[in-house]
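Below you will find one chain, with nothing else, as structure tokens; this is the form predicted on its own, and questions on how it binds or moves follow later.
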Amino acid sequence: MSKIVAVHSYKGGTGKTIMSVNLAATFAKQGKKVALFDLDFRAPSLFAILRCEKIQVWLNDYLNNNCDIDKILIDLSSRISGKGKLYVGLANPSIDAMRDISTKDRRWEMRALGHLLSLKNKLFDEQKFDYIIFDTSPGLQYSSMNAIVTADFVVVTTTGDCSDVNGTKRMISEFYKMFEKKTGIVINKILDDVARSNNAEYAKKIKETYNVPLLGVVPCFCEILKAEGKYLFPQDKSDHPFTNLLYEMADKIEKSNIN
């Protein structure tokens, strides 16, 4: 029942990274063993959001075949109460590392894909992880395409912005369908009155627009903006409506029952 979940978007600014972090925290809060990886190599942010300092080995090093995956995993389980486990693998935020990634050729990307695929054996079979969550680069960079190819389930975050809607539709129809990935879409940063209309008719409209099931509708909560990524909502804000939505989405992903 273990799953790799890629959280992806057509463009930046959709709340993709906050969704990745909090979905990982939600599964950990439910008692799962979870690994969260930052695959947004051109704009790494998890190291800052999770306030991780003095990192010596990065996910870049694993993909460059310079170390084993165990060397880059950071145990953040102390931030989650209960029996769950949360680990992260971080992308190197230095300018040199970001410049280095931008020079990689297709052969390197194919080898990197092999390293991502090997995580199923290393983390699921050997270390008994339940979930791997990929926070991907927006758009169709090689790293995001590798994440989607590797994933068992893709969470697409989008907004009501017309360019985002059109781009997301094209991305799903022209790329996702090629790999027949099980996918759910999250409509994020929606005005509250629109979010309250989240019913069967609205879900049908979304499915007709994107041709994938609706995973959730997230209002534009001021608390999420004010938090600036400092909170793990399932742990730090357990009574918040966003936390309730996260549990609902996690349940649908686990059961893969959004038809």
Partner chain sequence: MYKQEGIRKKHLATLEKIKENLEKLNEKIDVLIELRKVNEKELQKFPDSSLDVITLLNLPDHLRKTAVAICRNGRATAEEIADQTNRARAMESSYLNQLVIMGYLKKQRKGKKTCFYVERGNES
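Since we're looking at a predicted model, the values are computed, not measured. Positions refer to the first chain, counted from 1.
Although it is not shown, the form predicted together with its partner chain is what the next lines describe.
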Here the chain is shown alone; which of Ile74, Met98, Val165, Met145 has a heavy atom within 4.5 Å of its partner chain in the predicted complex?
Met145
Please run the contact check for Asn64 against its partner chain in the predicted complex: heavy atoms, 4.5 angstroms, yes or no?
yes
Report whether the minimum heavy atom distance between Ile80 and its partner chain in the predicted complex is within 4.5 Å.
no
Give a yes/no on whether Thr183 approaches its partner chain to within 4.5 Å in the predicted complex, heavy atoms considered.
no
Please run the contact check for Asn92 against its partner chain in the predicted complex: heavy atoms, 4.5 angstroms, yes or no?
no
Could you tell me which stretch in 128 to 136, 147 to 155, 165 to 173, 84 to 92 has residues with non-hydrogen atoms within 4.5 Å of its partner chain in the predicted complex?
147 to 155
Heavy atom contacts to its partner chain in the predicted complex at 4.5 Å, residues of 113 to 137 in sequence order:
Leu113, Gly114, His115, Leu117, Lys120
